[in-house]
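As a starting point, one isolated chain is supplied in structure tokens, in the form predicted alone.
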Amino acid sequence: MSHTLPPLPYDYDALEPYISEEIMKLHHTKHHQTYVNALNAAEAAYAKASTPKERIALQAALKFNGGGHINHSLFWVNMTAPSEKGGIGGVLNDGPLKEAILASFGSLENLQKEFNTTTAGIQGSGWGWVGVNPTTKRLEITTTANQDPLLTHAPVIGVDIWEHAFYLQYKNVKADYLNAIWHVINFDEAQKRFIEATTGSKL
């Protein structure tokens, strides 16, 4: 079954001024679309492969492009219009996610500071994550390289730290991008994933 580019749940300019319309169009229609195309091609080649050597040779393409598709599909719904534009971006309401953030980090501000510091330290390209530890059910901050999907934790919030996610607007200042993105994080969506990860129930 072929993979397709998921539509954004908002307009390309909805995240401004924190993420520009130009970045969103390029990121969604060019970068994510490329991962989808390459994943479909790799899966088609894998289906036709007749030897273990041929299948092994395709593993890197499947991991990279499959991860890119998985990560970006989460990333888009992870964001929404900021509160000053009538959206809910950046707004953490009372509920299970807020309680978990307070339990693990003391405050949302502490979570943001620790997340930004950890994620800014990624060498090269990768992703920053807030995820649920499957053993302790507590929130933890972790990172993955390149387009590797998060497999050690259940992802709750993921932030793309590849340069294509911010360079047109923030140049090489990753810290400014990381500070800005919290204004468009969809905590309601993050809470749904948190509840699913900690209770096993789908909302």
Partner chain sequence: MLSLARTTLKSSIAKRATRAFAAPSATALLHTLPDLPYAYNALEPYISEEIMTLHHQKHHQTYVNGLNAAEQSYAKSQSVKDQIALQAALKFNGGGHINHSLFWKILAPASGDGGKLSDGPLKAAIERDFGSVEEFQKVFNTKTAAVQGSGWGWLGYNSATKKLEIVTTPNQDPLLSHTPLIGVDIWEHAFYLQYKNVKPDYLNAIWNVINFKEAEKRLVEVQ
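What you are looking at is a predicted structure, and each value in this text was computed from that prediction instead of being measured. Positions refer to the first chain, counted from 1.
In what follows, reference is made to the form predicted together with its partner chain, a form of this protein that is not presented.
Annotated contact segment (heavy atom within 4.5 Å of its partner chain in the predicted bound form): 158 to 166, selected among 66 to 74, 158 to 166, 45 to 53, 133 to 141. Of the heavy atoms in residue 150, none are within 4.5 Å of its partner chain in the predicted bound form. Its partner chain in the predicted bound form is not approached by residue 95, whose heavy atoms all lie more than 4.5 angstroms from it.
Although the partner is absent here, residue 83 is not a contact residue: none of its heavy atoms lies within 4.5 angstroms of its partner chain in the predicted bound form. None of the heavy atoms of residue 106 is located within 4.5 Å of its partner chain in the predicted bound form. In the predicted bound form, 22, 26 are the residues of 4 to 29 with at least one heavy atom within 4.5 Å of its partner chain, listed from first to last.
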